[in-house]
Each structure stands twice: as C-alpha cells, then as structure tokens.
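Okay, here we've got a single chain as structure tokens, the form predicted alone, with questions on binding and movement later.
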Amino acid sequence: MPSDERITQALEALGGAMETFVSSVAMSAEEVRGILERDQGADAKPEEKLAHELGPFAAGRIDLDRLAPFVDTDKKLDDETRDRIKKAYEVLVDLKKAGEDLFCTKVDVDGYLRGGIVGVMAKAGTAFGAARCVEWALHDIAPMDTAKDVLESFPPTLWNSAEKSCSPPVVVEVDGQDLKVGSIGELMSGNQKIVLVVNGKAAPAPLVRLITPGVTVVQTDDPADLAALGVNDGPGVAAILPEGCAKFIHSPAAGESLAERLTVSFLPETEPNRPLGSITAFQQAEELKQLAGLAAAQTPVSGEAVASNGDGPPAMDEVGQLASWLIHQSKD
C-alpha cells in the first residue's frame, strides 16, 4: 500500500476505472484458461469426455457408449500454439494479482513525466497484448511488427478503441519542477484517467494547457476534488498541487459552453518571477494569464457599456480590467 495519503486518495478516486480494467483482465484470463483446459481434454475418448461433463448424474442412467459418436471432438493444439497461449495466460494472471502497484509510478527528479506515465500504461497494456497473442495463435495470424514482445510491453500507441475504453488509470508522483504536461495531451483519449501527485514547489497553473471540450481537468490541493474524474466519461487528468497554486475544475458533463464547464475557485494574486528547474518564469506566468483570461470570460459584463463623451476614458469591461491587472503586476 502507498505511504503517501494523497496517493491513497487518488487511487480511491480512480477505483471505478481500476475495477473496470481488472475485471477485463480477469475475464480474459478465464477465457484463456478455458481454452487450455479444453485442449487438455482434447485427447480424451468421447465417452470419457461425456462422463466428465455430465458428472454423477449420468452414472447408471445414460448409455455413454451410444451417445459418444454424437460428441464433437476438439482439435488438439500443437506444442508451439499451446506454449504461446500459456505464456499469455501467465501474463494475465500476474496482472490480476499485481494490485494497486500496477497503476502507480514515481518519476525521478529531473525525469521525463510522459515517459513515466507511458511506462505504466505499457506494462498494464500487456493484458491487451496477451489477448492479441491468443487470437494470433488460435487463428495462425502473424504477430504485429513491434519493437518489443507484446507480453513485456504494449504501449497505448498500439491500443485499439475497445482497449482504450477500459484503459488502466495511472497515478504518478512527480516533483514540481518536472511537471511539464504539454505532451500528456497526446494520451488523453478513450477513457484514460491520470492523477499527478506533485511534490515541492510547482508552477501556479500548469494544467490549463490541457483544457479541451471533452477532457476532464482538475487542478487542486484538495484530493476530494478528484471525484470529478469519476463523474465524467472520457479522458481526464488531475493534479494535486501544493497550496498557493490555482484551483479549478473543467467538467465536460457540466455543459457545452466553457462558462458552464470551467469553475475557477482560486487564482494566485502574484505572478511567478523565478524559474522552476527548466520551467521559466515566463512560461509559468503565461499559464496563469491563460487561466485568468478563461476565468474572466466566464462572467458576462453587467450593465451597458458607457460610451466616451470626451470627459474621460470609457469604463473598462472585465477583459480590460484583466489587462490592467496584468500590466500592474508586470511593473511590480
């Protein structure tokens, strides 16, 4: 079990997605086990097969010798095919036993966030690779041309739409200076859910880059907000950041317009003025300005605009107020 309470809470929030994935793995394992068991009984005599399937009920009541000619016999698998299916079955069983560790990873300081996430997805994705292996073996199909054995690594670039619909969720522990989320957007498809548990100082609004109409995005310091991931179908990403960072929830289920979908509950008053690792102060400030702009656009201007009569400047709307605030901040 993870020692960080935030990771525990993240896993709880992803419970539904984990259950969907594990159930799919367990179902696949049972189907493959049935294939292997049927193969073991393929050499049995028809009357012996009937006796096994009918059980004690048949003893002394049914003439098995007379029924035997009507029993379909299974074709025996060749050694190579059986070995391939058995290896796939072992992979499925191991994944089913892995528990929560299957969905968790930690990115080393100065590490590559997207690489860490894809690593977890590729390992869990071997469940899909195993299912493909069984299909290839049974139908004598040549395996896909991949760089690695699909029973060792099956990354999301190889998943089909059905596999993406039950994709394994991921919880990633990462240092704030390595929270570079731009490339994570490429992973937001199907039903993929990702939670980033951030250690140390972080940029104030990094996840604003991931807001698109169909993606749930949660940036918070309160793990209770992660419940939004379970409310929305489709992909979602959340980050548990330290206090002082912006807090917002983008929920596609809330409506069609951005004003309906986006709720910004906290914006820092001060722009960043120092780099964070390789994340420049400019990049951090741009993300914060973007979120501030989206927040300002949520609320329509109240009342009618006052036209200029030459006695003074026109009253500013909220976008103008935002620009004035940003200019003021840049002078400080």
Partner chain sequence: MSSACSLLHLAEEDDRVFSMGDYEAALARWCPGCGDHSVLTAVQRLLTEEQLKPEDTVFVSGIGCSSRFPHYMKTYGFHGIHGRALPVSTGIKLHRPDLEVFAVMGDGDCVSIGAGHWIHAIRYNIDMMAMLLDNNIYGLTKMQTSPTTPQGTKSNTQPQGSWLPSMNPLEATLGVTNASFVAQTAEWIPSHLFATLKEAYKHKGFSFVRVLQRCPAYLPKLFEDAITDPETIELLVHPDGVEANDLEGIYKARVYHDPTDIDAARRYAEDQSKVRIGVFFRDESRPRYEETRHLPTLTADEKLAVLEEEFDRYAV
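Keep in mind the model is a prediction, meaning the values are calculated, not measured. Residue numbers count along the first chain shown, from 1.
One more form of this protein should be noted, the form predicted in complex with the partner chain, which is absent from this view; the next part is about it.
Novice: If the cut-off is 4.5 angstroms on heavy atoms, which of these, 117, 174, 77, 131, is the one near the partner chain in the predicted complex?
Specialist: Result of the distance check: 131.
Novice: Using a 4.5 Å heavy atom cut-off, which residue among 258, 109, 224, 162 comes into contact with the partner chain in the predicted complex?
Specialist: Of 258, 109, 224, 162, the residue with a heavy atom within 4.5 Å of the partner chain in the predicted complex is 162.
Novice: Since only the chain is shown here, I'm wondering whether residue 166 would be in contact with the partner chain in the predicted complex (any heavy atom pair within 4.5 Å).
Specialist: Because a heavy atom of residue 166 falls inside 4.5 Å of the partner chain in the predicted complex, the answer is yes.
Novice: Spell out, yes or no, whether the shortest heavy atom distance between residue 25 and the partner chain in the predicted complex is within 4.5 Å.
Specialist: Contact with the partner chain, yes.
Novice: Might residue 96 be said to contact the partner chain in the predicted complex, defining contact as any heavy atom within 4.5 Å?
Specialist: Taking the distances in the predicted complex, the answer for residue 96 is yes, it comes within 4.5 Å of the partner chain.
Novice: With the cut-off set at 4.5 Å between non-hydrogen atoms, does residue 33 touch the partner chain in the predicted complex?
Specialist: Residue 33: contacts the partner chain in the predicted complex.
Novice: Out of 243-251, 153-161, 212-220, 176-184, where are the residues with a heavy atom within 4.5 Å of the partner chain in the predicted complex?
Specialist: Selected range: 153-161.
Novice: When the partner chain is placed as it is in the predicted complex, are 16, 19 and 127 each within 4.5 Å of it, taking any non-hydrogen atom of the residue?
Specialist: Heavy-atom distance to the partner chain in the predicted complex: all three under 4.5 Å.
Novice: Even though the chain is shown alone, can you say which residues of 187-209 have a heavy atom within 4.5 Å of the partner chain in the predicted complex?
Specialist: Sequence-ordered list has one entry, 191.
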